[in-house]
Every structure is written in C-alpha cells, then in structure tokens.
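Look below for two forms of one protein chain, each set out as structure tokens: first structure 1, then structure 2.
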Structure 1
Amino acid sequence: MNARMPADRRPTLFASANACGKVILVGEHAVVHGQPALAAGLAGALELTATRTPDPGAPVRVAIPAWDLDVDLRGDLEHPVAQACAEVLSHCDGPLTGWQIAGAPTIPARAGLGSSAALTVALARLALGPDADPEEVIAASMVGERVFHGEPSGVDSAVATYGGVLRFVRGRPPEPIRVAAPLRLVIIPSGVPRNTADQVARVRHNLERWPRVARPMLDAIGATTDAFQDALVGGHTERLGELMNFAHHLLAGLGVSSPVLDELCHRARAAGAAGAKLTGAGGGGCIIALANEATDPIVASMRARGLDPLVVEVQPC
C-alpha cells in the first residue's frame, strides 16, 4: 500500500490500498441478533489504485470494470455505490475531487463474499493512509456499509480489515481464532444476485412475527457456531461438515435460502463434500462446500452445471 490521497497538495500523484474479501463460515444472520459468527478473510480480494486527474476540480471517479462499475462522486450520487464511496471519503476527510480510482478485484460482486466491505475498507485506507488504526478503518467502512445494507453486523468490515479467521459478536472487538489444520473450501457462486438488506429484513420480520419459533433457531445457529469453533481450534475437522449442514438447514428455516442454494448444497454433498451451506445473506450469492478429501470432484460437478467455483484454503495460524 502506498501513500494516502491528500486533499489537494499536488506532490502525491499515486496511491493504492487493498482489502480482504470474506466468507462467513457459520453464524450469518444470527450475528445481527447478538449471536457469534465465524468469518475467514479472502486475501487480496480488491486493490484500489488512485491517480491524480489533470483537473483538480473534477469529481472523484471510481471504476471497477470486473464489477461493471463506473461512477463519479458528484453526478451519480443516487447510485448506491457512488453514495457509499462519497460517505466513506467524507467521513475520512478525504478528497471528493481530483482523483481517478481504479479497482482490480479477485472476487465477484454481489455474491456474499464481502465485495462492498472490501471496497469501503480499501477506500478508507486510501483516504486515511497506510498507518491508519484498523478500528478507524472499520468505522469508516461501516459508514458506507450502512448505505449498502441498512443494518450491517460489522463482520464484513472487520474481516476485510484484519483478514485471518475471526470470531465476531456484535458490540465487541473481533477475536482472532487459531485454526489447528487447513480448511479446504470450494466457494460456489450461484449466479443469482441477492440483496443483503432484504434478507436481514426478512429475518427480522420472522423474529417479530414468530419470536417463539425464530429466536430458538437463532440461538441454535449460535450454538452451532460455538461447536464449529471448538472443532476448528481442536483440529476435529471431521465434525465441521455436519455442523455446516445443520447451519444451512437452520438458515433455510429462517427463510434466507432458496431452491437454487438448496440444490447446490445437495449437489456438492453428492460430489463428496463433507458439508455445504449458504454463506452470507442468502437468497442468492454463494454456497461453501467443505472438502475433507479432493476438491476436484466438487469443482467438476459445479462446472458441469455451468458455474465457476473458487477453491480456497483457510490456513492454520
């Protein structure tokens, strides 16, 4: 990461910053309601590069071609990405003119892999500089995340900032988790976009309408997260797949799965996955499949369906 973006004292011509993506291992949605979640960072998910424009009064422009994104922060403020970026830069006292920002991602957008948090964290780092306090970066990211998601839990911003595997409980600092053995995951984008705010609102509606039904399901997701963490730390990888399956069925019961996500989980298990579940908001986006053995059969099965899976490995630390 290079220098920060100064407001406009022309010596600095270039700045860059990066951020992690994320995959929620277990605990999504329940984390909004006080339960723990475990998330793993996907390193190098997004790099932003800022260069000076010839006109110092020209609005900041953000272009990430792989995400079909090209907005300026003056004329496009009805666009949610433009609004979120402007909010982050304003929060950081960063410039809103005189820069062109280009992004190079390694994850898809709107797939439940933390693309919006990667964008807002990398943008905050551009504005605050390489020595910024991580909690300042998270606070700035959350300003943008609220534009995207309405009521974000904060887990995406924390993982995008810190990386590694984190235990997250809302209102507490994230806790790094030591993983005893590598965890091989196949991330499978469904190709169906999803809206996090809509899915969060769906769970809240179900909780308000059916508290005696929905609350125990959220508590059960929390208990599953605790058991998953114990297995991760203890190296009991044979337990993780079963716990992932539990988590998926609980999330489906809360109304945030979909026929395509259920079908992909079933397909992954049939191809040899030890367990599979939706990750992130649900409704669309991605599933994750745990491969205790080879990942090739799972990848081949998904490619035969026309999908483009990504193999990652969560490393011990």
Structure 2
Amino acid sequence: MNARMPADRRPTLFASANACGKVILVGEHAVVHGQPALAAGLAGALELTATRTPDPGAPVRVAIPAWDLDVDLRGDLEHPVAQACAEVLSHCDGPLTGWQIAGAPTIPARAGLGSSAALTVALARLALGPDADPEEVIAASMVGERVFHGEPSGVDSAVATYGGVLRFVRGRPPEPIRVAAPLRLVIIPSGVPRNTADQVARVRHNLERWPRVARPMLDAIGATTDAFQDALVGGHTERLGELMNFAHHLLAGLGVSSPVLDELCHRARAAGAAGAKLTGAGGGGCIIALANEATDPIVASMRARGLDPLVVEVQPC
C-alpha cells in the first residue's frame, strides 16, 4: 500500500459526520438576563454524507429533503443556509466545489431544536474529520450560526458538539452536568412557527415596564433551574416534573406561552406526564413532557391531536 497519498488525491471531505440537536430543559429567557439554563443534546439529530460529483468544478450542493433544503454554495448565496454552509466550509479550508452533501435529520427544522447548529457542526466535522478538536468544531459552527442568528449565545453549537446536558450561563463556558438517571422526554412540535427575537423582545418589554414583577419571575426561573440541576445530579427524578410545571407557568406569566402551548402541556399531563413545559423561545415551537414511565400514552394523545411527537432519552454521562 502506498502510505503517502498524492496531494491532489487527498480526500477533502470525510464520508459522513453527525451532530446532536438540542432541547432547553429549563432556564430559557431567564438565561438572556443572567440566569442559568440547562440544555440537553438530542443524539443522532443529523447525519451528513458527502460524495464527490463527476464535475470537480461544480459548486458544492447541500440537500436535506426532510427540511425542504436544496442549495448550491455558489448560485444560492442569498439563501442564509447556503451562505452559512459556505462560510463554515471556508473557515475549515474545505472544498466549495466537487461535492454533494446529503442530510438525513431526525429533528424538524426551525422548531427550536437546534437544527442550524446541528447542520453547521456536522458540516465542520465533514471538513475537519472525526478526530477534530471539539472547540475547533464549535468555532467553525459559530461562523455559520452568526449568519443565522446574528450574535448567538453559543449554547446550541456546544450542545450539538458535545451532547449530554450542559449548564449555560451567559459569558461563561458551558459546564457539562452529570445526570444520575436517564430522562425520557417527549418533544412535541406544536406546528406553530416561533420567532425567537420577538419573544425575547416581549420579555424585555415586560421587564422594562414591570421590573418589580418580571425580575423576580426571571430570578424564580433561575432558582427552578438550580433545583432542576440538583435533582438531575442527585437522581431525584420525581422532582423534575414539578419543576418543569413551575418553569412553564413562570414563562407563561412572562408572556411567552400561547393558548396552544398551554393546551399541549395540559394534554401531556392528562396523559400521564410528570410535568410539561414550553421549550425554547415559546409563542410556538415545541413543548417537552417528562414521561413518568411509558411514553406511549403521551405519544398516542399527541398523535390523536394530529401532532408528530419525538421520544428522546437523555442519558447519564
């Protein structure tokens, strides 16, 4: 075997790479105002495979049919996904021509489950390889995330890279949390689009108008997050559902729930969930329900409502 491969035949993308999605367990919105949040990785959220195209000069094409995405990285550069992908590949000294990249996701796009970070992390890994330094992968992902989200906090890229559960406080590096027992979560996309910037602005408005009311609510979300973390680490799973309900009601009080999200939380609890809350920005997007035992009754109840829930297990690590 030839130990040295000629430079012109070196592969410039690896054959496949994957990344996690994310779900915010608790602490959304309060995290914008200095409180902690906990986010969990959704393993296997996106798998990318790369194949060479017959024409080495053809622009790289990224196609993820389940997300209605098919862009080329030369002609579609006004498309934010094409621009983000091109910037990630350039940052990693990857190729911009001669490859076709296909994606198979298990999470929906634009539902607050970290699809853009999953894409940019998996793409960085395609270019940098499976042994790449995770911090380099995160840095590359952030180049793309800035195209999507302006000044993202970085929690999505960190969780998409590392998985597990991370504690996140603005301005500090994310801290891995050791979970004592697996958590069975049902993620229920409401089908209603959400707009993170609008929801963040709503909380800010309430905070400016009613500081003595809204500030203690944000602080209470922070206290809920700390209690949730203690219960996760201490294996007190029976406390988690209650804390999720507190978090949901505090978020609703701050104005970021909606009649549909409230209804879905009620429905999940009525189907046996230990607790349920909106996750992410709210107003639309997803709720999460913690299954006490079987997830089936919650899943069946949501399917009967015409929704397509996702069952995930957050593993101890």
Ligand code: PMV
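Keep in mind that this is a model prediction, so the values were computed, not measured. Residues are numbered by position in structure 1's sequence, first residue being 1. Under this definition, the rigid core comprises the largest set of C-alpha atoms superposing within 1.5 Å between the forms.
Visitor: Of structures 1 and 2, which is the form predicted alone?
Guide: It is the first structure that is the form predicted alone.
Visitor: Against the rigid core, is the Cα displacement of residue 252 between the two structures at least 2 Å?
Guide: No.
Visitor: Against the rigid core, is the Cα displacement of residue 73 between the two structures at least 2 Å?
Guide: After core superposition, the C-alpha of residue 73 moves 2 Å or more between the two structures.
Visitor: Do you see a C-alpha shift of 2 Å or more at residue 60 between the two structures, with the core held fixed?
Guide: Yes, the C-alpha position differs by at least 2 Å between the two structures.
Visitor: Following alignment on the rigid core, what Cα displacement (Å) is computed for residue 116 between the two structures?
Guide: Its C-alpha shift, to one decimal, is 2.9 Å.
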